[in-house]
Ligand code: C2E
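Only one chain comes next, encoded as structure tokens, the form predicted alone.
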């Protein structure tokens, strides 16, 4: 099978090296030819004299002619050697120019084409498709979670994954297809197919996704990698006047489809559709807004109450992020947090919010705690604990009043890193809880080996506690597990009095949810705490709040015209 993907030498050479007159040295060649002519003339006179002299029939040759003959021989040798050296130099130059061309057009790691050569070759193919029965499919392939492979296995293993993935893709390509590596872990394909056989591209895409997902053996270790794939064809790129699109436009469409495939769960493919571009444009606006909004202080903490279910006392607040966007209004974290993680801004965003929350919370009653979620990406930061301690020192906030919440997915990615971080934080007096328990991959063995201070039951179980017996059984089991391991429990998502009463039957635990009010900004919380004498002042009363009193925080928020009402739970 002949393909133009891994055989750059087989491609039609559009840029022949121009050696020009350097392929022959006229002077050296002229000297050699002149010397040969003189040698023939001089030799014709000298050689007979030498022969007759040696046979004893005549005098010796003329010394001048002999010297001239020897000089001719020397000139012939000089000219020939110079000509041979020149030919070698020309060959070296030709090889160097060919190597430079290959390096300029191909990816050195995988041998595929690169982005620049792909665009040129694809545009040639597009020009050749006009008036024919064939069409071109443009595919973008991105390896899922490739950075994690590099981080956990090293860049050498990552390079081998790229090489093996490229080879697996190449094995499936039909004749005339182009394969290029255009980014760190991104590949692009251009595949010709018959207009009436679009299913061939679906079959190829399915096979590529399946082929890449097979476990790779790298340095004796099994490495799992999957791929997301997007597809567009040349008909999609036509303008309003019917003019054909160019390769860059079609690859952009395929890239949009690939992003959607990744967003919808990865490890599959999608064809480009027009609405996808609008969604991508919205994401681009979100990215730009995040980068602009962090230094401008547009991201602000909201607070949700945490109540002791047995006594009804207010025990603290959980900080929830909100984006006060000048164009989008109040944006919930499920919109901007994944984007901030994807663009690498989650660390700066989280530190900004935590700093604001610590300043707010240090005015509260000393008995009230502050709970803060961290992203799984922050867990990989070896300096996170030190950064957090710096924020505590700057705010002069007691570490024992701060609780860091880690989701179960963090444990699945790297238990060792989680253990190191938890121990480091606890050594400084900070408490650490396991968030969203029951939805991930935690085991009892992990709970015993990791020194968590608290378990938080995921809201998906608590909300359906009354209607769903399975949810009730799970919540009850987690409560018993917490009692057995000596870990306090917090239940999220309490929305009705019935759920609260049922949870009280399971023993001591904290609770939070809409029953106790919507999350509110710092100004509303401050005023409400002031009304209940729960700010840090000598005459502060005990932090005891009934459910009825807790609901008044929403009423207080309604009385403030500048407080958005669309803020919800996260």
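Keep in mind the model is a prediction, meaning the values are calculated, not measured. Residue numbers count along the first chain shown, from 1.
Keep in mind the form predicted together with the ligand is missing from the figure; the text below concerns it.
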Does the ligand come within 4.5 Å of a heavy atom in each of 356, 362 and 403 in the predicted complex? no
Using a 4.5 Å heavy atom cut-off, state whether residue 337 contacts the ligand in the predicted complex.
-> yes
query: So in the predicted complex, does residue 521 come within 4.5 Å of the ligand, heavy atom to heavy atom?
result: no
Hey, in the predicted complex, does residue 492 get a heavy atom within 4.5 angstroms of the ligand? yes
I'd like to know if residue 192 sits close to the ligand in the predicted complex, meaning any non-hydrogen atom pair within 4.5 angstroms. no
With a 4.5 Å heavy atom cut-off to the ligand in the predicted complex, the contacting stretch among 493-501, 141-149, 220-228, 79-87 is 493-501
Assert contact residue (the ligand, in the predicted complex, non-hydrogen atom within 4.5 Å, options 418, 320, 474, 432) equals 320
None of 165, 373, 72, 117 but one has a heavy atom within 4.5 Å of the ligand in the predicted complex; the exception is 373
Taking the ligand in the predicted complex and a 4.5 Å non-hydrogen atom cutoff, the residues of 416-431 making contact are none
